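Taking the form predicted alone, here's one chain by itself in structure tokens.
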Amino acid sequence: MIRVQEQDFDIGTELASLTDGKTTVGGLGCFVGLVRDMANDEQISSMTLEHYPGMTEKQLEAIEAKARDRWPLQDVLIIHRYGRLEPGDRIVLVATTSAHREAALESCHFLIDWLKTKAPFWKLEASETGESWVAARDADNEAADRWSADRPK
């Protein structure tokens, strides 16, 4: 399930919906991304995330499909927020379930690495010196690239 939304989400409620009553789930992998208060040694007061509705969901669906092709997943949840967020606010929740922990954890790691580099979101950080767009980082691209090799289920 993919949701792109402005409003916050409740982590406990979302994770419970993936596992409650599902006795075949043996592992749940989860990542929650938060807005930091610092970027490049500068205090950040807010971050505004922009996206293109329709295009964003389509790309997230393609990323989810890649994870499902690589691992035996029972469920996938991706919630990504947009709009103005402040330090400490939740940005993203990625959760996967599988019969086994390895698939749940690896797929979750894959999804967040690919979301960071391949999902069409643009981030504008605000600080005392003004606003600036967040540029892609080499470290993020390297993290995503390590998943490029094909791997059977």
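Just so it is clear, the model here is predicted, and its values are computed rather than measured. Position 1 is the first residue in the sequence shown; the rest follow in order.
Here the subject shifts to the form predicted in complex with another copy of the chain, a form of this protein not shown in this document.
Of the heavy atoms in residue 99, some are within 4.5 Å of another copy of the chain in the predicted bound form.
The shortest heavy atom separation between residue 140 and another copy of the chain in the predicted bound form is within 4.5 Å. A residue is said to contact a partner when one of its heavy atoms sits within 4.5 Å of a partner heavy atom; residue 3 fails this definition for another copy of the chain in the predicted bound form, lying far away. A residue is said to contact a partner when one of its heavy atoms sits within 4.5 Å of a partner heavy atom; residue 84 fails this definition for another copy of the chain in the predicted bound form, lying far away.
Contacts with another copy of the chain in the predicted bound form, taken as any heavy atom within 4.5 Å, map within 24-39 to 24, 25, 26, 27, 28, 29, 30, 31, 32, 33, 34, 35, 36, 37.
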